[in-house]
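Next up is one chain by itself, shown in structure tokens, the form predicted alone.
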Amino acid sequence: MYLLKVYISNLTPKTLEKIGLFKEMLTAELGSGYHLELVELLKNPMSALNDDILVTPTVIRCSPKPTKKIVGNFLDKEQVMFALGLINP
């Protein structure tokens, strides 16, 4: 089971749309083998400090270890899945 966190600055309709597309991408690749946590920086700044988040959006694969992060656009399926270690090259 993969544990992923998506850090965003605040929740807007456009952000919700992108998160929905990201979930579809994850489900297509991993089925139900993941849990996605959405973290709004404005509501939970301490979480961002704990995970060393400097820029949003940021996606973190928290488990399995080692932790992996990507910053910026997370909708390019192949790049995101490879960078997070969710698929093999």
Partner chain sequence: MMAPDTVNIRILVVDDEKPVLNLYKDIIEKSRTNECYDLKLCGTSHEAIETVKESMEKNIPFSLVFMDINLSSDKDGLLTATEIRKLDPDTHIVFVTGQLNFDIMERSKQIPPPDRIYFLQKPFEAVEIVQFVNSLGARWYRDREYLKIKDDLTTGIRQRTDQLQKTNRALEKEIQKRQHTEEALRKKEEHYRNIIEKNADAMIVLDDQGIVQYMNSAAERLFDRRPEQFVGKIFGFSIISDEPTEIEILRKNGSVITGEMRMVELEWNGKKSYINSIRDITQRKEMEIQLKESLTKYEKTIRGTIQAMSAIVEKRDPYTSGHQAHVEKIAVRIAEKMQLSEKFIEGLSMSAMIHDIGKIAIPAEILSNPKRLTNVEFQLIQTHSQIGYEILKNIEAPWPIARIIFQHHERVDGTGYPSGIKKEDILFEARIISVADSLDAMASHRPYRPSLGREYAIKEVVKNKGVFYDSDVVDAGIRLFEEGCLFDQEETCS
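Numbering follows the first chain given and starts at 1. Note that the coordinates shown come from a computational prediction; the quantities given were computed from them, not determined experimentally.
Keep in mind that the form predicted together with its partner chain is not shown, yet the notes after this line are about it.
Counting heavy atoms only and using a 4.5 Å cut-off, do Ile70, Asp76 and Val80 all touch its partner chain in the predicted complex?
The answer is yes: all three residues contact the partner (heavy atom, 4.5 Å cut-off).
For Asp52, is any heavy atom within 4.5 Å of its partner chain in the predicted complex, or not?
Asp52: yes, in contact with its partner chain in the predicted complex.
Distance check, Leu30 to its partner chain in the predicted complex, heavy atom within 4.5 Å:
Outside the cut-off, so no.
Can you tell me whether Leu36 touches its partner chain? I mean in the predicted complex, with a 4.5 angstroms heavy atom cut-off.
Outside the cut-off, so no.
Evaluate Leu42 for contact with its partner chain in the predicted complex, applying a 4.5 angstroms cut-off between non-hydrogen atoms, and reply yes or no.
Within the cut-off, so yes.
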